[in-house]
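Heads up, the chain below is alone and in the form predicted on its own; it's given as structure tokens.
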Amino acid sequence: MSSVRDDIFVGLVVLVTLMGFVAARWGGANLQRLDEWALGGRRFGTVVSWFLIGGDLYTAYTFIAVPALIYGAGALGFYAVPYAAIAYPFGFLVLSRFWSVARARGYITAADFVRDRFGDRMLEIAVAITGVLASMPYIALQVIGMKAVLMRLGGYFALGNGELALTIAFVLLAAYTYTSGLRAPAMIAFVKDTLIYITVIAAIVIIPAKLGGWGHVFDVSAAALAGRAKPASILLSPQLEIAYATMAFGSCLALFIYPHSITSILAAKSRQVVQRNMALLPIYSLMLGFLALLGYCAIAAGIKTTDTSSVIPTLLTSYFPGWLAGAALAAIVIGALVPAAIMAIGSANLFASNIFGEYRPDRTHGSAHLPRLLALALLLFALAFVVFVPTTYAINFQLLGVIWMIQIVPAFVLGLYTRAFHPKALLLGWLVAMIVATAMAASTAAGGTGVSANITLHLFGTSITAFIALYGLAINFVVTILASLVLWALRIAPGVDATSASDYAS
């Protein structure tokens, strides 16, 4: 049976690798141009964008981490379901407006917009650095998801702790990303999303039935969670309601401002395509809800492990027939390849257009040579990070990435609607929030258990446990508002706004 499983797995991974290289011929575009390589020529329609954005947002680590969080923490882990759902109205309003100004002005990153909107080079660099810092551990987590699958497959896949197979996969990923740019993950996303839908639907039908039904799954999970050293529940306790709500809202704000999300959005051919996708993408949230329930199935199945990344691969291979297990594990690996490519491209865009932007006057139609090389370097760095750095550190840095990413909301999101904040105040607010929020996160790791997403603050005689990212954002706003009032009172002129009202209109 394992032979059939392995053959199916290898066959599907080889298929998408070939598709990645073939994608270079898609549309006959000149991939030496930056906009063609990095944004697919800005010509993707509703269907291609739906698969691309879905493949970008719902990653291998999502597939593994969401049910693993349910497995470890119970109901609190379900925050991922509402945050994905409420992100789409946010995207409908904000990202469609950003798409319009980006198309009118030729932007390829959020930092391009911030620089033109506020006329401040340092603020542009701050936004770019934030995006790169937040993306790197996210790419590394895709590698961790792949490694969990390879170790479960065993045999030659697990040679050298899985690092040999990982290296081969990432060399191939880097090669077709370099060759085909955004067209490669766009084409592969069709296969990836189809496999994930098949896997989730099969899992919620087959696995609970073999475990005695959903009622039995919930009963066993409730008893097991309650009996742990740190008790949890399948129902959210009142003490965790604020943490749950702030994690959902904060994650919602961060989801679509990551560089890879921006890259996928800007590849759409029209504002209407962006809006249609924000209306259609909630279908993925339904899938995410079913996927989360597999965490309870893992508890009911009696899976015991200290490495939560292995929970879902173990569950699938234990209850699926060989051919379906092979397809499911391939779905997870392909689910890592698609977003990793987009993340590398998005981060490379930031480096090339904003950090090195002073040397590239024609950003949109310039050569893709530098971003291509940078994408290779970023993918290799992510692989090295996982090989040489303990998994716990990668997860900690990913949590920090969300905390950092949300700090560009005042400059980028509100900047789409107003210039009421002084650019120097925005820069100061960003800096203070980055330092304070990072220090908060570091303080939660004092006991050696890793960084926590939440922290308890004692304010005005009450204790509030909430998402660190939102505490940081609140500090960001306070500093930005106060500094803006001072700078406006001192009549310190801001930079020139290079955008016009008509840029946002269509």
Partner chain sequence: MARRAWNLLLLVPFVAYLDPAWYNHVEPRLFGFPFFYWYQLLWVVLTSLLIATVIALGRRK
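Residue numbers count along the first chain shown, from 1. Small disclaimer: the values here were computed from a predicted structure and weren't measured.
Below, we turn to the form predicted together with the partner chain, even though it does not appear here.
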Even though the partner chain is not shown here, does it sit in the predicted complex so that 82, 236 and 289 each have a heavy atom within 4.5 Å? yes
May I ask you to check whether residue 409 falls inside a 4.5 Å heavy atom distance of the partner chain in the predicted complex? no
Using heavy atoms and a 4.5 Å limit, would one call residue 244 a contact residue for the partner chain in the predicted complex? yes
Taking 4.5 angstroms as the cut-off for heavy atoms, does residue 323 touch the partner chain in the predicted complex? no
Can residue 296 be called a contact residue for the partner chain in the predicted complex at 4.5 Å between heavy atoms? yes
Single option in 93, 373, 168, 380 placed near the partner chain in the predicted complex, where near means a heavy atom within 4.5 Å: 93
The one residue among 276, 103, 269, 424 placing a heavy atom within 4.5 Å of the partner chain in the predicted complex is 276
Thinking of the partner chain in the predicted complex, which stretch from 340-348, 120-128, 103-111, 278-286 has heavy atoms inside 4.5 Å of it? 278-286
Listed by sequence position, which residues of 210-236 have a non-hydrogen atom within 4.5 angstroms of the partner chain in the predicted complex? 214, 215, 218, 219, 234, 235, 236
